[in-house]
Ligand code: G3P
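Take a look at this single chain in structure tokens; it is the form predicted alone.
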């Protein structure tokens, strides 16, 4: 019996040594495999996406084209951003952080303010030039708030500025709707101007968003621009004039397109040129300006680096951050034309939910791809990039 137990122990020890040797032979490769899996940073996407909003994501305030479901595909299951994207719109009138909150609520995902690029976002670059100068901000929403948050210190909305000049708008007594609007406006409570508007000249005019009262705004802007920045005085040098965008038309909630900032610019330019002996000078931002697309690419690069700080760049993208940036838009003249002007790495995807409704491609500004909805656009992009 004792001999049997001794043999059993020897066999067990022999089997244990054999198993240990097997484990030791396998361990280096196993550890290497585990290390490479855990320590190697994930390979970040080699592409990014820029979406227009009106006519692509929303119509008015209502999501269209399966936008909420489609956008969620760009996020991981835990809600973190998986594919770098941003909203590149010529719209605006509110600060980017407020638009990001609105989009988050409508789409059911977390949108960061850095993912929202308005037509007026590039105005930030002009702060150093006009920081301490009196400027007038024009448009719907809160144009003065937008400019103040950018860092401009002496900003008046055209509503407030015009209110200090009696009879500057001869039709004001007939605008009964304006009385109610001013009642709800905190600026109407001011008795005295924030700045000495009667002697200090306006040094810059910024059209931030679509103007509301075209008749008054055309009159007041002609006064400012024709007199060197001081309505009611003699002729003077025109102050700088900036437009956040130049869209002639855009898709809103109404079935057919609505006149945009570009239409207002045409009206102002036509009138100004008729009453002055020199043409109107202005600078327009927004799509299709190539600068806007270059700026968007830079923002996407910063976004993807924050998403994948320890990531490896794919072999295909060594010299530039992205192999492709997809512009998904509904307006051939603005979105598609802009992507084409910007060149590599931009690729255009045209939807049929907004300005464009054609069966085939747009003849004047053809897109690289035409789809029905933004959901179709995302499906196409992810399939092309082999992303499930």
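Residue numbers count along the first chain shown, from 1. Please read all numbers here as calculations on a predicted model, not as lab measurements.
If you look for the form predicted together with the named molecule, you will not find it shown, but the lines that follow are about it.
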Heavy atoms within 4.5 Å of the named molecule in the predicted bound form: does residue 53 have any? yes
Is residue 250 close enough to touch the named molecule in the predicted bound form, meaning at least one heavy atom pair within 4.5 Å? yes
Report yes if any heavy atom of residue 159 sits within 4.5 Å of a heavy atom of the named molecule in the predicted bound form; otherwise report no. no
With the partner left out here, check for me: in the predicted bound form, does some heavy atom of residue 115 sit within 4.5 Å of the named molecule? no
Please identify, from 125-133, 236-244, 148-156, 83-91, the stretch that has a heavy atom within 4.5 Å of the named molecule in the predicted bound form. 83-91
Does the named molecule come within 4.5 Å of a heavy atom in each of 120, 142 and 217 in the predicted bound form? no
Checked 339-376 against the named molecule in the predicted bound form; residues with a heavy atom within 4.5 Å, sequence order, are none
